[in-house]
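Next comes just one chain, in structure tokens: the form predicted alone.
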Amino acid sequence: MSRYLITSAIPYINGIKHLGNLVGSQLPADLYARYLRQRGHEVMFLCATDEHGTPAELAAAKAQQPVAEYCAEMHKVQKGLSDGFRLSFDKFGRSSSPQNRELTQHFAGRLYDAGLIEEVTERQVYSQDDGRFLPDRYIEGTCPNCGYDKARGDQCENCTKQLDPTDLIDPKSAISGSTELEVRETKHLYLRQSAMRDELNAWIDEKADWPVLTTSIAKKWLNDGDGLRDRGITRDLDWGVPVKRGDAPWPGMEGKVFYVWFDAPIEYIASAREWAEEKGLDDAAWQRWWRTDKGAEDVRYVQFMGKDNVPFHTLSFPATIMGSGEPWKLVDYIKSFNYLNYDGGQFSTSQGRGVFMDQALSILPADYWRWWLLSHAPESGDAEFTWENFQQSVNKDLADVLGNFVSRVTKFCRSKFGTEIPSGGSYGQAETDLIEELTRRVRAYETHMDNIDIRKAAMELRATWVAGNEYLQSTAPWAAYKEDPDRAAAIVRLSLNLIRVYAVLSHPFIPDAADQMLAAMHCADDSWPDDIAAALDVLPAGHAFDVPDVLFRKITDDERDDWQARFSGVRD
């Protein structure tokens, strides 16, 4: 048994996330965590809400709520939706937690002592109409690199280029829309990332197994232009982690908070600490996941995120950990994703275009979405959600292949043999061939899951479902029953056992349906099918079963057309 630490990108607190956000980090991370647990590994799966910075303040102002109250409310909403999608976090924390505040201030003190933080007097945008300095994300304008007209003052989400607010063309306040902006002097703390460029470069060079998408983005940020730049880690805001050097005040930094991208990744560590404290465990319980001097040297740490988050997790967060000089665990593998687009365009939170997590669960159960999103994960390039493709995938993969197999086998057995697994008959060449094919496909499925090749794993899983249907069709127990009931009994006995195997294999992708299949088989044995022949003999003759409700219903053309129209406009 090995130990795996898994984290997914921390979602902003500002509202409900769309399906593109979900498939870009949390959902594939959950798939991997579920699979590893099934294989007997020890897993710590962590995430949290990112509650500081501009998005939180703007969203709270729009909701006419105090920002702390808004964040507490939205954390409950996001946690509820993650539960609805069956995301199996060990802890879904909050970046506003006391644990994160303490750890953030601790890291800042360590970095300062190491000479990696310096005070810089900078010229920052001040809004006369708003009466305040505007942090990067409070400023919007046109990207000078790609021309995207909604670029933020820290980064263009379209081309991912790192920006300063003064780089933007036609900048305006994201609070009021005012263009009455001027540049004034203010003092901030900067993390001297440039001083760690060689160390970060060497570290990334060691990661030969990382996806090309991950390393190419990291290298671009490291080597383009002037290379890795020093970045401000404080902002003139009220809401956030107060700037302190450990427990001590930071002279000249009164009234300032740490920049959200400095404190948010530290919440990964804080979440483990929150988890331990909630369970009444001591520091050793969480430190064994995060401190290499406390046992974490044996942990494999895997992160999941969209490509826009890659620079911060390949450079800024590692710079924080390395620069502290303390034995914190660094990430071993970063699984990054391209974008999921929506029906000929882009998902848009601001415009409400696309399907959001709450809307998705209001029209169909989680497994329908989990299957489509994971089987179409944007790994090698951007992917696109269309209602036609979604309907086709649900109807053909889930209803016609998996659901149909379960329904045909259980209903036929009930009609001819009752609701106990029949005895009699023996296996022949058809069963030998099926076992050989399933063995080959399950081993391939395991390889793809181990390598986090999600679309390939989904294709192999579906192929196992198809193999069962083809076996059933070729052996035709309904015809065999007329001439040789014992032969029909043997076919049905193996097929009912195959339902249990399908439940186990499918659990990481569609956990609710998997649980439904196991319940129908009156079976709590969810052991992994290392030996397919043995796995197809777990449920003996005489074992009772139920005919389950329809696992997956088909999506009608009218539903498809209605949803396509409903989710193309502006969200209320």
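Start at 1 and count along the sequence shown; that's the residue number. As the structure is a prediction and not an experimental result, all values here were calculated from the model.
The form predicted in complex with the RNA is left out here; the points below concern that form.
Participant: So in the model of the complex, does Thr432 come within 4.5 Å of the RNA, heavy atom to heavy atom?
Facilitator: Because no heavy atom of Thr432 falls inside 4.5 Å of the RNA in the model of the complex, the answer is no.
Participant: Using a 4.5 angstroms cut-off on non-hydrogen atoms, would Lys411 count as touching the RNA in the model of the complex?
Facilitator: The answer is yes: Lys411 has a heavy atom within 4.5 Å of the RNA.
Participant: Do Arg443 and the RNA come within 4.5 Å of each other in the model of the complex, heavy atoms counted?
Facilitator: Taking the distances in the model of the complex, the answer for Arg443 is no, it never comes within 4.5 Å of the RNA.
Participant: Should Phe312 be classed as touching the RNA in the model of the complex when contacts are defined as heavy atoms within 4.5 Å?
Facilitator: Yes, Phe312 sits close enough to the RNA in the model of the complex that at least one of its heavy atoms falls within 4.5 Å.
Participant: Only one of these stretches, 351-359, 454-462, 197-205, 250-258, has heavy atoms within 4.5 Å of the RNA in the model of the complex; which one is it?
Facilitator: Among the listed stretches, the partner-contacting one is 454-462.
Participant: If you check Asp149, Asp382, Asp486, Asp90 against the RNA in the model of the complex, which one has a heavy atom within 4.5 Å?
Facilitator: Looking at Asp149, Asp382, Asp486, Asp90 one by one, just Asp382 meets the 4.5 Å heavy-atom criterion.
Participant: Which listed residue (Asn389, Thr292, Thr447, Thr439) meets the criterion of a heavy atom within 4.5 Å of the RNA in the model of the complex?
Facilitator: It is Asn389 that has a heavy atom within 4.5 Å of the partner.
Participant: Which residues within 186-224 place at least one heavy atom within 4.5 Å of the RNA in the model of the complex?
Facilitator: Stretch hits, in order: Val212, Ser216, Lys220, Trp221, Asp224.
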